[in-house]
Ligand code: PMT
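Single chain ahead, written as C-alpha cells, the form predicted alone.
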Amino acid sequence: MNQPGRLTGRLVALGITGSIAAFKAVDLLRLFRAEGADVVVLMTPSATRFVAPLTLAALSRRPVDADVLDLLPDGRIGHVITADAADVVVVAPATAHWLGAMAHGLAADVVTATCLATSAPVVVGPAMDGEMYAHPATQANVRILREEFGYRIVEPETGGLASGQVGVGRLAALERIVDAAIDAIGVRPIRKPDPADRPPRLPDGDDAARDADDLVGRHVVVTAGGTAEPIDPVRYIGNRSTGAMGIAVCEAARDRGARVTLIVGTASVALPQGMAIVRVETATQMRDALLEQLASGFDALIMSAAVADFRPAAPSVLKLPRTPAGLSLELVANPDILAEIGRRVRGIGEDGAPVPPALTPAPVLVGFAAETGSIVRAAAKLATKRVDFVVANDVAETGSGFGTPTNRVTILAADGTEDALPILPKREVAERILDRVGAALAGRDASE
C-alpha cells in the first residue's frame, strides 16, 4: 500500500526504453510524484515512439532527456547531472536490447549512460514479449545486472502480451516497482537537496508545463471513427473518418490521469493502450453503448465520432445483385445520439418539457461539427444538442479534417465564447479541448 510522502525530497531518474509497455511509465511517474518525489525522465530514442516526451515533461515539470549528446541550457551535460543528483535510477520498462547493452556497458543512449555514470541504486523492471525473457542470453544479462552490478530486478509477471500470447514478460505491477525503489534508497541521505544541483525545471508558462494531472480521478468517455450502416451483408454507408482525432483525445485524456472509455466505430488508425475499448459498427450500436456508459456515470463525454446521419430503411439480408438499372435506396434518419444524451443529462424530454431528475453533477458534454465551406451552422448545435462545447472545423480545408495529421478547429462554448485555433497537430488540438474540459469540471465542482 502506498504511503504518500515516502520519497519526499528525493530525485528519481525514470528511464524508459522502447517497449510497448512504455505507456505505463506515465502512471509510474504519477506514482512517484504521489510519493513526494521529484522526477526527471530519461528516454531511449525508440521509447519516444511509444509515448510523447511532451506528456512526460508536463507530468514531471522537467525537460525530458532523450539524447545523450544534448546539453542543458546552462551548458551542463544532462545525463551527468542526473547521475550525480538522482537518489535512485529506475528503468521501466527495460527491453531485452537495453538489458544487453547495459550488461556490456554500451552507452549509446541516455538511460545506459546515466546508469554507468551514477553511484545511486538502480532498479530495473524488464518487459518484453514471447520467450525473450526466458532466453539464455537475456537471463545471462539479468544475472550480470543483479549479481555483478547490484541492480534490483523487479521480475516481470505472467500475463497477456502485446503479441496476443500469454507468458512471462509483462511489466511488473507499478506499485512493486515503486516499493523496490524505496527499498533501494533505504536510509541513505538525499544526495543533492539543492535544486541548483539537479536538472532544471520547466519555466513557468512553458507549454509543456500545463497541469497534466487535471483529469486524475475523472472518467472520460470518447467516441471516435465513423459508423457503417449496412446496405446488405457486403456493402454499407459510411464516411471518411479515420478516428485519428478521437484517438488523440483518448491518449491525451489518459496521459492527464483520466480513466478513459473509447467507443469506436470504423477506424483506420491504431487504437490506443491503457483504456477500456468498446467496438461498435452502427449508429444504433453507438447509441446503446453510450446510454450504457451514461447509466454507470462519467465526468465528460467527447463525441468526436462521425456518426452517419442516415441508414438504409430496409437492409437486405442477402447480397444485392448488380443490375444495369442501378440501385435505389430509401434512407431514414439515424438517432441524434448527442442530442439525446444532452436531454437526458439536463432532465428534458423529447418535447422540451422537464423530465426530472437531471444528472447531478452534470457531466461536461463536447460535440464535434464537421462542416464544409463555413462553420457558421456549428454554433446552433450548442443549443440544439444542449452541450457545453462544440468543436467545429471545415473538413474541406487543406490540413484540416479527415485523413490529416493536423486540424484547424474553433471551440465554441455555451457561454458564448469562441476560441479559434490555428492549424495544429491533432494531439495538441486534443490538449486544447481537454484544457477547456478540465477547467469546466473544476468550475462545476467548485460550485457544488
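What you see is a predicted model, and the numbers here were worked out from it, not measured in a lab. So that there is no doubt, residue numbering starts at 1 and follows the sequence shown.
Not pictured, yet referred to below: the form predicted in complex with the ligand.
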### Of 199, 363, 272, 367, the one that lies within 4.5 Å of the ligand in the predicted complex (heavy atoms)
367
### Message
So the ligand isn't shown here. In the predicted complex, which residue out of 148, 131, 157, 309 has a non-hydrogen atom within 4.5 Å of it?
### Response
309
### Task
Spot the stretch among 165-173, 250-258, 148-156, 336-344 with residues whose non-hydrogen atoms come within 4.5 Å of the ligand in the predicted complex.
336-344
### Task
Report yes if all three of 402, 407 and 426 come within 4.5 Å of the ligand in the predicted complex by some heavy atom, otherwise no.
yes
### Query
Should residue 393 be counted as a contact of the ligand in the predicted complex, where contact means heavy atoms within 4.5 Å?
yes
### Task
Look up in the predicted complex whether residue 221 has a non-hydrogen atom within 4.5 angstroms of the ligand, and give yes or no.
no
### Query
So, in the predicted complex, is residue 99 in contact with the ligand at a 4.5 angstroms heavy atom limit?
no
### Query
Is there a non-hydrogen atom of residue 241 within 4.5 angstroms of a non-hydrogen atom of the ligand in the predicted complex?
yes
